[in-house]
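Before any questions on binding or motion, here is one chain by itself as structure tokens, the form predicted on its own.
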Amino acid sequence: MEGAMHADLGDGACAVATHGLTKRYGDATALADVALRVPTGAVYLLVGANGAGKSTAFRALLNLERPDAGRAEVLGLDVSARGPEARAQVGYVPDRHDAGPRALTCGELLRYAAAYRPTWDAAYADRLARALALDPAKRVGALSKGNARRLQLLLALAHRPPVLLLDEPTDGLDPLVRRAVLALLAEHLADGPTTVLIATHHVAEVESLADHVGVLRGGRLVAQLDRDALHRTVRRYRVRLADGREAQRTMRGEARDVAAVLAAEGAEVREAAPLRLEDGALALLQEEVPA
């Protein structure tokens, strides 16, 4: 894969943004000068391998991790100075499946959450509980991994926050429940303006929802672009080589620039095809980026 390393989304209205965000654990760098830009109302897919820094970035956005450098903003609030206020605007599903105090029942935990969330929609919470088949009498500590994830999703959605941070939201769910959860999320987005930042390995699942993509590799944000730019600039090319053979190459860049690069190598473009969001995101993830 070849071409420009990074396409910035600019400095327009962003619901979520980081500025030079850097986090180290001893000698290991989890995040390095990360500048996320999540436009208001976007569904932004953050792609990266395990250990790339996705969960660290989410925790930094909630002021649950203090960065070594840089800052994070949610709805214009600097989270290091106004953490509680920022967290009140966010529905969060963490990477871990710890849904809350183990001794409480699901019903007790939901009532507790409702008391601290002024925007809690009780009717909506009941509807989500039915759709997710959650037993209010079940103790949180006795929930399976999948049921704990369902409870976390309900807690994230029921107060109808303007921002959702969803870290592997379908992890632990069987295929049928995954489909139901994604349908609920699509309905939630249709009901009102919401900005969503999703980290997931299951890119195909959220392909119909996502309109922006960011790629984290080794703690660095190596690509960030909207869906149209991805389709326009990341393509699979069928080329005729100088020796007459044909080959396929996935390359990144404007079509005329790619054609010029190939021509300089003695190759001719025969056909160019855009990639699905999943394939484009994976191509960016696997791209070798110059230092």
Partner chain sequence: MLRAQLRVVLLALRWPAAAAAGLLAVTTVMVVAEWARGRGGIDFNPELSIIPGVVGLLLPIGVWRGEDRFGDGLLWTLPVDRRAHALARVAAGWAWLLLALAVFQAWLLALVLLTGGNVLGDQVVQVLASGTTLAPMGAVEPSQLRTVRLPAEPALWLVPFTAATGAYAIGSAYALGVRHPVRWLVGPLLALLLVSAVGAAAGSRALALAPSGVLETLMYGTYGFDTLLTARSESLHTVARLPSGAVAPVWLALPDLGHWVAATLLWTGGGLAALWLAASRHGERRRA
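Numbering follows the first chain given and starts at 1. Just so you know, these numbers come straight off a predicted model, no measurement behind them.
The discussion below concerns the form predicted in complex with the partner chain, not included here.
S.K.: Can you pick out, from 182, 131, 88, 77, the residue that has a heavy atom within 4.5 Å of the partner chain in the model of the complex?
M.R.: Of 182, 131, 88, 77, the residue with a heavy atom within 4.5 Å of the partner chain in the model of the complex is 88.
S.K.: To verify the annotation, which of these, 70, 253, 51, 41, has a non-hydrogen atom within 4.5 Å of the partner chain in the model of the complex?
M.R.: Here the answer is residue option 70.
S.K.: So in the model of the complex, does residue 122 come within 4.5 Å of the partner chain, heavy atom to heavy atom?
M.R.: No - in the model of the complex, heavy atoms of residue 122 and the partner chain never come within 4.5 Å of each other.
S.K.: Using a 4.5 Å heavy atom cut-off, state whether residue 83 contacts the partner chain in the model of the complex.
M.R.: Residue 83: yes, in contact with the partner chain in the model of the complex.
S.K.: Taking the partner chain as it sits in the model of the complex, is residue 101 near enough to touch it, meaning that at least one heavy atom pair lies within 4.5 angstroms?
M.R.: So residue 101 counts as contacting the partner chain.
S.K.: May I ask you to check whether residue 219 falls inside a 4.5 Å heavy atom distance of the partner chain in the model of the complex?
M.R.: Residue 219: no contact with the partner chain in the model of the complex.
S.K.: So which stretch, 142-150, 92-100, 193-201, 168-176, is the one near the partner chain in the model of the complex (non-hydrogen atoms, 4.5 Å)?
M.R.: Going by heavy atoms within 4.5 Å, the stretch is 92-100.
S.K.: Within 44-82, which residues come within 4.5 Å of the partner chain in the model of the complex, counting heavy atoms only?
M.R.: Contacts from 44-82: 59, 62, 63, 64, 65, 66, 70, 71, 78, 80, 81.
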